[in-house]
Each structure stands twice: as structure tokens, then as C-alpha cells.
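So this first bit is one chain, no partners, the form predicted on its own, shown in C-alpha cells.
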Amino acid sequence: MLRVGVIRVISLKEREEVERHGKLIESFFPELRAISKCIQDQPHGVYDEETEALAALKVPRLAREIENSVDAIIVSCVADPGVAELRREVSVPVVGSGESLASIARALGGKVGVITITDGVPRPLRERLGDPPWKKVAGVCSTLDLKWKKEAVLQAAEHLLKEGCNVIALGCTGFSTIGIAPLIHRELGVVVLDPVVASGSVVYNLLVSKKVWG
């Protein structure tokens, strides 16, 4: 069994919630087993430059705690806080949800639109997708608000479709938490990319190729 560390950038108490992203990855990639951990003292997660900077300091410390127990590490946040630093410090592969999402979006081609919870597109997506169309979900200040805003998420997706987008990239892993990707696809018939599933795909292909080819 291939083990992947999943670092959540929100402080959660319930074990079921801590493991939610890891369980999603396992459901798509049964050969992977997730070991999930949360950073401390960020009850609202990452939602602006300040909270991203704080998370970037905490992620490497947490990753070092699990480095010897896993075959790879996923930072489950589209902003990829601490990913670059972490790669210099640990011996296992490190994958960010943002860069994974952007890479798959580029591979699909077409016009990619990004749904966000912030006033702008997260840096890893901007760097790889240029200046994609984007729409912030109305009434959302942090990832915790999303559970009550599914209709607003659908409205954001509809806006991007009217802009000519034929691929929707979900620009926050909080969208993965509420399982919105299948709903958008069913309601609007558009390709929807989930960032947690995207990072799982990258890690799966990386680890399986190492296992097969040595």
C-alpha cells in the first residue's frame, strides 16, 4: 500500500473532518492510503495573504513529523502554502493541490474558468494558466462558509459558462470538502476539476510509476 500524507491548512477537531480530503483521494485511488494532519491555530483556514503566509510557516513543521511514515506529501490547499520550502526540506515528493489542478486544466485545453473564495485567482493557477476568467462565490469569506453556499457556487459556475469557459477549476479545496464538483457537472454539464482529486491523481501517477519502473 502506498502512503500519502495529506496536510490540511485548517484547524479541525473532528477526526472525520480531518480525514475528509484523504478519504476522497482514497475513493478515487484505492492503492493510496492517506495519513491526514491539520496545522494548528487556523480555524478559518487560508483565505488571504496573511493566512497563507502563516500556513506556509506551519506546513513544513508538520510535514517533517510525518515524512518518515509516508511515500509522498500533499498540501491540500490551492494556494500551495509552504510547498516550495517543503521540497527543500524533506526527502519524499511534495505535491500542491494548486499546481496539480493547474497542470490538469492545462492538459485538458479549452477555456478554463476558476471559481474562488478570494478576490483573485490563487498564485499557482495564475502562474500556470496566465490570467484565466474567475468568479468569486458571493457571500463567502472563508472555506467554512461554503457549506451554506452551494447555490451561489452554481451561480458562479453559470457566470463562467456565459464567459465562454468549457472547463471549471475549483480554486479552493473547500469545494472538495462540500463535494460540489459532481453537482456542478450534473446541473450544468461542464467539465469540473476538483483540486483534491487532482493532487491525488498526480501523487498516484508519481508513486505507481516509481513502483512499476523502479
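Start at 1 and count along the sequence shown; that's the residue number. Since we're looking at a predicted model, the values are computed, not measured.
There is another form of the same protein, the form predicted in complex with a further copy of the same chain; it is not shown, and what comes next is about it.
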property	result
Region of this chain that lies against a further copy of the same chain in the predicted bound form, out of 62-70, 147-155, 28-36, 46-54 [heavy atom, 4.5 Å]	28-36
Contact at 87, 95 and 206 by a further copy of the same chain in the predicted bound form, all three, heavy atom at most 4.5 Å	yes
Partner contact for residue 103 in the predicted bound form: a further copy of the same chain, 4.5 angstroms, heavy atom	yes
Residue 108 within 4.5 Å of a further copy of the same chain in the predicted bound form, heavy atoms	yes
In the predicted bound form, residue 18 touching a further copy of the same chain (heavy atom, 4.5 Å)	no
Heavy atom of residue 165 within 4.5 Å of a further copy of the same chain in the predicted bound form	no
